[in-house]
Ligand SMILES: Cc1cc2nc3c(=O)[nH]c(=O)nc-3n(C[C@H](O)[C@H](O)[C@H](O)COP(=O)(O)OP(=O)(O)OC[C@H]3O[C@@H](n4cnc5c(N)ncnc54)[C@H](O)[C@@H]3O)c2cc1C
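Encoded as structure tokens, the following chain is the form predicted alone, with no partner shown.
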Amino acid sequence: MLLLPKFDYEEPKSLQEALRIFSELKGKAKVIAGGTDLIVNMKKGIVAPACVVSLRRIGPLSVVDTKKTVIEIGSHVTVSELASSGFLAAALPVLAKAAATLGSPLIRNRATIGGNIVTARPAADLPPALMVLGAKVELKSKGKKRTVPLDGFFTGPGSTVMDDDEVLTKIVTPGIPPFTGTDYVKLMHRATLEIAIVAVASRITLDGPAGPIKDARIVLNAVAPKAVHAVSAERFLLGERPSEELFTEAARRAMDDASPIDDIRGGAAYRREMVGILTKRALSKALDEVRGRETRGAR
């Protein structure tokens, strides 16, 4: 039986108090949100913080703010709230869909969007969806605040640009432009409680109802040390009118952008092939979403 190491526990009532704790402990504290990763890693001896800091009593971190020109999601919003939100299903459907694939209902009820990001797992579900949306994260410490594009946030497995005294407070994403569709496709051995073998998030924006494509984003998951853009596939799509043939070639190029490894969940060659299949599927579904939005808007 694995036991937790000894640690102090703090439950600040304000963000200022939490930031003071992190400043004083100088890297010896860890945030606990849902605890779905931290507790497991502490039992395994991967991390041994002197202090665990819960943010659950800091109300603003659990709010989705839709009153601004951008959408701000507090870092403590749970994955189940993302998946079940009617507003997000309409405004950011790719995020709601990715959230619905994460773990089981019990895990989604505990896990938070901030926790899924800062753990920097190569197969985490939410970062790819947020990256195709152009999301940024707000980081705060006692003496400063900065905003970092999610594309530049991850540096490797379990590694980010965050300093030891920083807390991720919110995720900021613009709304989806007109004539835009998105999708998230995830390959798993089982329907639930499964880490992705391969996953692909997509986004295409057309320059009018019939195209051409003026913006394309494809983010590959679980096939590199971190979620990565299929850059050559994205560039290939720009300026072209969407078609099955176009998506087939983009999918082939996305395969070259992946750098998978062999592990217990699948071989590198298999993963690379599935990148192609899932990329074409994700692009096709994104186009279907564009057309669906047009149809609903015409009613």
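As the structure is a computational prediction, the values presented were derived from the model and not from experiment. From 1 onward, residues are counted along the sequence shown.
Just so you know, the form predicted in complex with this ligand exists too; it's not on screen, but the next bit is about it.
In short, of 222-230, 200-208, 142-150, 114-122 it is 114-122 that has heavy atoms within 4.5 Å of this ligand in the predicted complex. In the predicted complex, at least one heavy atom of residue 166 sits within 4.5 Å of this ligand. Not displayed here, this ligand is approached by residue 33 to within 4.5 Å at the level of heavy atoms in the predicted complex. When this ligand is considered in the predicted complex, residue 134 lies well away from it, no heavy atom lying within 4.5 Å. In the predicted complex, this ligand sits within 4.5 Å of a heavy atom of residue 40. Proximity to this ligand in the predicted complex, defined as a heavy atom within 4.5 Å, holds among 92, 102, 73, 185 only for 102. When this ligand is considered in the predicted complex, only one residue from 172, 83, 213, 162 comes within 4.5 Å through any heavy atom, namely 162.
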